[in-house]
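A single chain comes next, written as structure tokens; it is the form predicted alone.
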Amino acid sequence: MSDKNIDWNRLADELDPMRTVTSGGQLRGRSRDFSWYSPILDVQLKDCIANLIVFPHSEEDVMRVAACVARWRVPLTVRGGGTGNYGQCVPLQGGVVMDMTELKRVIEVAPGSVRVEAGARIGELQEAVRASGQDLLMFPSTLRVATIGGFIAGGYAGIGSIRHGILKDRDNVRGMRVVTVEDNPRVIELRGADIQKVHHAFGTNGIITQLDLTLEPAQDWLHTITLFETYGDALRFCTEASTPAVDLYLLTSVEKGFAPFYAHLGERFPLNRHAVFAMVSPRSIDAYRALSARHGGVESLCMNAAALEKHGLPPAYECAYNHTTLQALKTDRQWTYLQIAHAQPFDIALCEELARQFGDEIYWHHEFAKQFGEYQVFGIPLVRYTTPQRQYEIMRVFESHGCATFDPHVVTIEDGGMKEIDLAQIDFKRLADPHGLLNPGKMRGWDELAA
């Protein structure tokens, strides 16, 4: 917690009539996210707790909070649904955590776009745009809990990325409103390429209050499971299916070691078969089936969302991305995970060799997506955790074979996904957070410049 000599009750009084919390279990609960996926971060962050939680209801409330923390010079950490995995919303230095989940209005749904407040749950946002006959371009597997602001502030890719690329790709996010943290806060509108100044910055350099997102016409996607005798066959099929000729919204492969974590699927994912989960356009399903059959695939499930709900089955996206890690950890907390991007062209023989090398220490999981217009393969393997040293040894093996690793066991932007200091984001922080109060400790480049 913050060690400043702060009268937190007096600070809370300044924020009245907004709801605030200065004691009790909510302080700890609202200071956590899904960083417990990493046993390294779980230990590192266990004692990081806010001194005060505040729940704004409007952009005007957010500006009042920003002005208050600027006057008091206390840290401010912005929180959405708390589904991030890297401690994005964990207050490393205590202070104020601002829970954005009451800023949840869907302001306008228009043909091809939606304007929405940052605290809206993505699942509820998707329902709103579906009512207009449209769909979001992409979303995380945790859409039922995650907020759209948190996804843009901390996310990279997701369900829909095989069709639309990553969040950073042009026009996926059209614009955003950002509140500065100053004695007299301002609202800055970012559009086009300028959104990259705040996107994936972990809330370190501005408070996102509203977003403009691109929409597409809705489709009644078919959720499928296809089984393969070898994981290599599954990978060969997925590689060949990664083509504009097959209209997909999701394409995920997992090896048979994941089957016990999906026991509710029964024979749809048996213990002796590897699985590919997909969301396929009805107009591509025949081509998808023919291609999978050529690789020895056998379909065990094909239903639209309504049929899945009727049969009590999960959608394909809850068997993909980091939901796979979540399902494993619900069963056995010995597991953790890694994130890698394979060199292109994708070398399946290398994957098969690494599978032999690591044996049961790693369960393989790949996501097939696009990035900057090119097809890409991302690995999110489960790793049987022993020590931090072993975790990093495994990462070095991947790197020695040309894979880029995105360390999920660190809290800083640069040491996890970005791999470099983004000077444009630091320049924007000078403008929007001159006192360095936003989510301190997460932007290493800022700390190094300050030092």
Ligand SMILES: Cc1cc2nc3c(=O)[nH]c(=O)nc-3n(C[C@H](O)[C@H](O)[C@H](O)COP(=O)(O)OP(=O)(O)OC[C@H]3O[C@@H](n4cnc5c(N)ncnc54)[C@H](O)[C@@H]3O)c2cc1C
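For every residue, the number given is its place in the sequence shown, counted from 1. Keep in mind the model is a prediction, meaning the values are calculated, not measured.
Keep in mind the form predicted in complex with this ligand is missing from the figure; the text below concerns it.
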query	finding
Exercise: Ala118 in contact with this ligand in the predicted bound form, heavy atom 4.5 Å	yes
Partner proximity in the predicted bound form: Phe258 to this ligand, non-hydrogen atom cutoff 4.5 Å	no
Close approach of Trp72 to this ligand in the predicted bound form, 4.5 Å, heavy atom	no
Partner proximity in the predicted bound form: Ser253 to this ligand, non-hydrogen atom cutoff 4.5 Å	no
Site test, Arg79, Ile208 and Asn439 vs this ligand in the predicted bound form, non-hydrogen atom cutoff 4.5 Å	yes
This ligand in the predicted bound form: contacting segment from 79-87, 184-192, 260-268, 342-350, heavy atom within 4.5 Å	79-87
Residue (of Gly297, Pro381, Gly94, Gly158) lying close to this ligand in the predicted bound form, criterion heavy atoms within 4.5 Å	Gly158
Heavy atom within 4.5 Å of this ligand in the predicted bound form - the one residue of Phe237, Tyr288, Phe228, Phe202 that qualifies	Phe202
Residues of stretch 126-154 in contact with this ligand in the predicted bound form (4.5 Å, non-hydrogen atom)	Pro140, Ser141, Thr142, Ala146, Thr147, Gly149, Gly150, Phe151, Ala153, Gly154
